[in-house]
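Single chain ahead, by itself, as structure tokens, in the form predicted on its own.
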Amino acid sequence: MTGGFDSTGGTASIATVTDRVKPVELAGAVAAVHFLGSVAAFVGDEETVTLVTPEGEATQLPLHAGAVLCVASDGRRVVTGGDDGKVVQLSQNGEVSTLVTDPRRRWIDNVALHADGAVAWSAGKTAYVRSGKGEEKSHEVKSTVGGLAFAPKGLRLAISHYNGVTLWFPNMAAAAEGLEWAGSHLGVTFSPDNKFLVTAMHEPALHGWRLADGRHMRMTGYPARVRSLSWSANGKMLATSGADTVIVWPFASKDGPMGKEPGMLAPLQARVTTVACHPKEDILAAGYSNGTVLLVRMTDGAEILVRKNDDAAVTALGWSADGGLLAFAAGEGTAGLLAL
């Protein structure tokens, strides 16, 4: 990475690359940003996606007839769910296609993608999986689905909901497994080594399980709900929003964060709204409620300023697969691209 890190900390003396950011103006607020190759796909809160090349050329495409409720990407496609009851796919060549239309036009609350081409989505209490070959199966849980995530190994889907998580193998006849913990579980993620499962709860906390034996991991102390989670490139750290610093939980040992204190990086007088770990290095991007965007080296907390505060909260961050491009969005359509 060029530009260098300033290890002194604090925004007064921080190294900066703000002059290297290519500004992007969008039509409205952005829910998420993902890269398809070198093209950034800024998915709006409503209806459309805007594709932006590294040179700043923008193309807007329609996705939904209404709000975009959820977004997932595997680098080859971006899949969205909307309040129009549709699951829509944007392919790498810019083609938009409808994968699913819910027969009752229910809201599509969650989507998830698997490396083998499978896609999962949920509506109400039901989770669905369509395999890469087009076979479709469903599983109903006891309450509204809060989040979906595919395991990194095998076709196993985690379905979070009230009072825990259901682990479902769509291709097996065996009954689904349950991981219980009182409360409402929303976002869910597997660790890259497939040893741990972590949920973001409705309350300001995370909860985790060691999958080998179901042992609990209580990850508390947040002042606000955790809405953004990102695993480090080596899978040994989990970075999260929800505080006025980036909270980083250690997962290098067989016990994960049990009995350990999390790291706290890049403190500001603003709430961290979104985090995105670099795909190859121990570096993360952090966006804040006051519009600041920082690059942070996870080993020592050194920082680089990407965007100065302007009181419009950062809503989305995303890296290209090679780690050479960072995209961000804030407020009602302000965005930028940084080439590293």
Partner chain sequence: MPETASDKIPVTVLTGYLGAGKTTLLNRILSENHGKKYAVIVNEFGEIGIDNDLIIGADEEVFEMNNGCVCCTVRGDLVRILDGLMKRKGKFDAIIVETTGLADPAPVAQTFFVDEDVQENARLDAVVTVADAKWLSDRLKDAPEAKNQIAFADVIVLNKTDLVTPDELAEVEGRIRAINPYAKLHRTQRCQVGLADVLERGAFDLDRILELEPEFLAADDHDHHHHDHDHEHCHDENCGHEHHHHGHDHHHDHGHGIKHYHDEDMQSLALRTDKPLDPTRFMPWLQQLVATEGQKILRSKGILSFSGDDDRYVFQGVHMMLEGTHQRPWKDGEPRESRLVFIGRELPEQAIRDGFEQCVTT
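Residue numbers count along the first chain shown, from 1. Since we're looking at a predicted model, the values are computed, not measured.
Note that the form predicted together with its partner chain isn't included here; everything after this is about it.
K.L.:
Can you work out whether residue 220 and its partner chain are in contact in the model of the complex, taking contact to mean some heavy atom pair no more than 4.5 Å apart?
P.N.:
Outside the cut-off, so no.
K.L.:
Wondering, does residue 46 line up within 4.5 Å of its partner chain in the model of the complex on heavy atoms?
P.N.:
Heavy-atom contact with its partner chain at 4.5 Å: present for residue 46.
K.L.:
Taking its partner chain as it sits in the model of the complex, is residue 95 in contact with it (heavy atom to heavy atom, 4.5 Å or less)?
P.N.:
Residue 95: no contact with its partner chain in the model of the complex.
K.L.:
Please run the contact check for residue 101 against its partner chain in the model of the complex: heavy atoms, 4.5 angstroms, yes or no?
P.N.:
No, residue 101 stays farther than 4.5 Å from its partner chain in the model of the complex.
K.L.:
Go through 201 to 209, 187 to 195, 129 to 137, 170 to 178 and give me the stretch that gets within 4.5 Å of its partner chain in the model of the complex, heavy atoms only.
P.N.:
That would be 201 to 209.
K.L.:
Of the options 31, 51, 36, 26, which one has a non-hydrogen atom that comes within 4.5 Å of its partner chain in the model of the complex?
P.N.:
Of 31, 51, 36, 26, the residue with a heavy atom within 4.5 Å of its partner chain in the model of the complex is 31.
K.L.:
With its partner chain left out of view, choose which of 144, 234, 253, 269 has a non-hydrogen atom within 4.5 angstroms of it in the model of the complex.
P.N.:
The residue from 144, 234, 253, 269 that makes the contact is 144.
K.L.:
Quick one: which residues from 61 to 75 get a non-hydrogen atom within 4.5 Å of its partner chain in the model of the complex?
P.N.:
Those in contact are 65, 66, 67, 68, 69.
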